[in-house]
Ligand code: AMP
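Next up: a single chain in structure tokens, the form predicted alone.
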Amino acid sequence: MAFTLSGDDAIQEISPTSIPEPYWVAISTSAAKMIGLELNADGFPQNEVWLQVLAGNQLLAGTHHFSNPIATVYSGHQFGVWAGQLGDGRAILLGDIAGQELQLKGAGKTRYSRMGDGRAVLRSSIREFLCSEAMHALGIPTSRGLSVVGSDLPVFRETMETAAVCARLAPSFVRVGHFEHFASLQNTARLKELADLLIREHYPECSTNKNPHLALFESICARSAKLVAQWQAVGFCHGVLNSDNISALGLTIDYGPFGFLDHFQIDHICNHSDQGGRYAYHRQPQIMHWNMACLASAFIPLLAMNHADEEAQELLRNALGQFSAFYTQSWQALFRAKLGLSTAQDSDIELIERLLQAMHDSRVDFTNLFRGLSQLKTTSPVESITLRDQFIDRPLINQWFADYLVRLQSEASNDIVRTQRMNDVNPKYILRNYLAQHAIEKAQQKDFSEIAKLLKILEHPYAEQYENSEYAAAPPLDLAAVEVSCSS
């Protein structure tokens, strides 16, 4: 539902800044259907006014409540350091449609733009659009990418590029940073208003708890822990897990310098601005826990309304302590499923960790290795397993496969059933950086066909799609190190 906090200390009422001569770049049929937006035979809205609306050039009043767009204020920690007031510096919330908030990213300056121009470029908009829809198809909670509208308006980042507006959808764009902002101002009334809004609209089960605000914190922790476990299971690196980029609904939001793992590296850093590796792949669970600690600090005044300050802190500390258990349970279940294990044994974690270490040592392709494991037969001789060729230490991987086959046999695993189960959780297709880059380069020449094709493939990541198998390939050596930055 739409963000309902009002007042100068919470929002800025502001209309998007128009862009000249907008044109369609891409639209998601799935996202459009979710909000009841009818498309024509070319795959774009039948009502041509939507091009102007999603470009930020025109407001659509009436039943969609788009007559009072806003930007919201929040604060947060960036790279572990308190950054103070931030806010929607280039995103403007148009309003509510079919239970989703519709937000335009790249829609111009707001009060919170600081030194920025309020714009997004075509490159970054395509990446966010494609990845939002790819993550949704993978079954991972995320904001949705509705559309990308382009313009030849020049925008300077590292080089001169052109502008674009990405329309995105979510049940709510409330972040950890919203709570941090009001807590930093010691504005308990606003904190309570925000927490009660979330409970009423998105966490109704918390309303019957004897301590609704504590229950809300526990629920946000649980969702966030499960989310980061899902990221780890598909090899997704967010890139900038600042507290202001963390959804209070447990959604993946703010796609910037993200990347899916190709050749597995446990400490992979997808953001070349992250020189210290704070947001490396293996640190994502730890950092999400750290962000939940920031949220816990912001919740202290809420609990202190009914408890002594020390008791409030203790309650939140205990609740925060459950994060690791939530994460561990989710991670173990996901990786057992990736290996096709239908039961749980104490030795499973060692088996999983040994495989990941071997993959790291040999830089094995993360997605293709797990997809390939589904083809094994429980009676296969180790010597016949061609996947071994991807590993440097042959004796070590031989032993791992031998132990894995024994583990499958211990639960009388049915090869046909297991293959299907594994293919349902191990994607064949992910948004690899080199594929996104190829689509971007064609789009920069006004050819948007590759975006449309890639979107269709990514909408069915677990299907074989034999005709598109080249899109499942690891990147060629000369394209294996596509770098992305915060401007992405």
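These numbers were taken from a predicted model, which means no experiment stands behind them. In this text, residue numbers run from 1 along the sequence as written.
We do not show the form predicted in complex with adenosine monophosphate, though everything after this point is about it.
K.L.:
Quick one: find which of 313 to 321, 106 to 114, 132 to 140, 93 to 101 has residues within 4.5 Å of adenosine monophosphate in the predicted complex by heavy atom distance.
P.N.:
Going through the listed ranges, the match is 106 to 114.
K.L.:
Is Arg283 close enough to adenosine monophosphate in the predicted complex to count, meaning some heavy atom within 4.5 Å?
P.N.:
Taking the distances in the predicted complex, the answer for Arg283 is no, it never comes within 4.5 Å of adenosine monophosphate.
K.L.:
Pro212 near adenosine monophosphate in the predicted complex, any heavy atom under 4.5 Å?
P.N.:
So Pro212 does not count as contacting adenosine monophosphate.
K.L.:
Wondering, does Asn245 line up within 4.5 Å of adenosine monophosphate in the predicted complex on heavy atoms?
P.N.:
Flag for Asn245 set to yes.
K.L.:
Using a 4.5 angstroms cut-off on non-hydrogen atoms, would Tyr74 count as touching adenosine monophosphate in the predicted complex?
P.N.:
Taking the distances in the predicted complex, the answer for Tyr74 is yes, it comes within 4.5 Å of adenosine monophosphate.
K.L.:
Only one of Gly235, Pro301, Gly118, Gly250 has a non-hydrogen atom within 4.5 angstroms of adenosine monophosphate in the predicted complex; which is it?
P.N.:
The residue from Gly235, Pro301, Gly118, Gly250 that makes the contact is Gly118.
K.L.:
Considering non-hydrogen atoms and a 4.5 Å limit, which listed residue (Asp254, Glu161, Asp365, Glu218) is close to adenosine monophosphate in the predicted complex?
P.N.:
Comparing distances to adenosine monophosphate in the predicted complex, the residue within 4.5 Å is Asp254.
K.L.:
Mind listing which residues of 72 to 93 have a heavy atom within 4.5 Å of adenosine monophosphate in the predicted complex?
P.N.:
Counting only heavy atoms within 4.5 Å of adenosine monophosphate in the predicted complex, the contacting residues of 72 to 93 are Tyr74, Gln78, Leu86, Gly87, Asp88, Gly89, Arg90.
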